[in-house]
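Just the one chain here, the form predicted on its own, laid out as structure tokens.
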Amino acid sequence: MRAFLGDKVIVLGVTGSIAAYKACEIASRLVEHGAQAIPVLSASAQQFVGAASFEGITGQRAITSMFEPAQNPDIEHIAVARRADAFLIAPATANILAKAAQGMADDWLSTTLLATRAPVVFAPAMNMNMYSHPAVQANIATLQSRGCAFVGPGSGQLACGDMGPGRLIETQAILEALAVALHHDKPLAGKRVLLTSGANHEPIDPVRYIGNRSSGKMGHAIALEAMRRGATVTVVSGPAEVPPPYGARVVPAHTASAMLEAVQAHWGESDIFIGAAAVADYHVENPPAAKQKRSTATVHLELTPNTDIAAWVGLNKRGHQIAVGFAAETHNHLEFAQEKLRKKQLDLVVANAVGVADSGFGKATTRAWLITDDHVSAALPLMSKEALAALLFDAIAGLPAGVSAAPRA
């Protein structure tokens, strides 16, 4: 996330919801990822949280009033509106949504929202009946039509005891929505990306399985980068330490056969397939329905090959579609990746090194090569998986296939 938020100026608007205390965590995470967070507290927010907390977390003066004595001109609303890379309103009450939708300007935050041309992200938090009220929904629709982004709300038990939508969404989801909003260029708008991510768990019996060490980190990075570039993303996800990002459509698929079935269901409507999952090559034939008790005898498992998902996609892609695979290898990286490209009729293969200390399953960084029919890249320097995802989409944009064609209707 540092790659997206580092060195960005984020105005964090905090309004008068019981969830205002959670904005302290949001501010902390913004700073952790290298952003300069400028806290702005409405008068109602100050009934729940204090300016000193935000100033201690961010190292920035908290803005609490339009008319503060000896006000620093650097925090004057027009100056901040010009400096800000994005505005994040979290929590966003029904009141601030109404003000922003109707163009009211009666305090520092609502005034500056009118003055800024930076992206604006609202994270609503309120009672479920308030959230579902036609007036609130109309205000949300108005703001969305003007380009404002919304993240959440989450659903669950609210402070008032009601059950339903209205909770402030988790901080990670808010940061992901902010990362998407900060990417102004949307070259993949109108495109559909189908992605596999995570591991497969092939059952041995109801409580045991054959699996692998995939964490889902690479799939998360690819899905987030695709959304940052404007694509609609469907993630067919096996078990993963890192779930797909907020805003992606998620189809759970624990086994290779379930993952294949999901890919087959969605490939026809997709423009780009990226196989980032560590798909199981084999499954146990006829696993027993009951847990097998421990024994001193040697256990023999009969393993049957799974259908190759990437090969199925390559065989069934049409002219405008692009199919990308990953080749996770411990050795002979280029040779095996080129063989995969050819045999599976893929447009691009990412060869990545696994089984080493700084690259592969569960690691934050990776060593990789990008391979197409007519080009084999030099070994890329050690980089974050987010950086590799960006390079991957740059490479996809350069392919001769149809990703540069007009978006489908």
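These numbers were taken from a predicted model, which means no experiment stands behind them. For every residue, the number given is its place in the sequence shown, counted from 1.
Quick note: we don't show the form predicted together with a small molecule, though the next part is all about it.
*Asks:* Heavy atom within 4.5 Å of the small molecule in the model of the complex: which of V235, A277, A226, A92 fits that? Just give me the one.
*Replies:* In short, A277.
*Asks:* Only one of I309, L175, A84, A248 comes within 4.5 Å of the small molecule in the model of the complex by heavy atoms, so just point that one out.
*Replies:* Answer to the contact question: I309.
*Asks:* Is it the case that K385, even though its partner is missing from this view, gets within 4.5 Å of the small molecule in the model of the complex, heavy atoms only?
*Replies:* K385: yes, in contact with the small molecule in the model of the complex.
*Asks:* Within 4.5 Å, heavy atoms only: does P153 come near the small molecule in the model of the complex?
*Replies:* Close contact is absent here: in the model of the complex, P153 is far from the small molecule, nothing within 4.5 Å, heavy atoms only.
*Asks:* Residue-level contact is defined here as any heavy atom of the residue lying within 4.5 Å of the small molecule in the model of the complex; does S42 satisfy this criterion?
*Replies:* Close contact is absent here: in the model of the complex, S42 is far from the small molecule, nothing within 4.5 Å, heavy atoms only.
*Asks:* Within a 4.5 Å heavy atom cut-off, is F326 in contact with the small molecule in the model of the complex?
*Replies:* It does: once the small molecule is placed as it appears in the model of the complex, F326 has a heavy atom within 4.5 Å of it.
*Asks:* Can you tell me which of 31-39, 53-61, 369-377, 347-355 lies within 4.5 Å of the small molecule in the model of the complex, counting heavy atoms only?
*Replies:* Among the candidates, contact is made by 347-355.
*Asks:* Counting heavy atoms only and using a 4.5 Å cut-off, do V121, E170 and H183 all touch the small molecule in the model of the complex?
*Replies:* The answer is no; none of V121, E170 and H183 reaches the small molecule.
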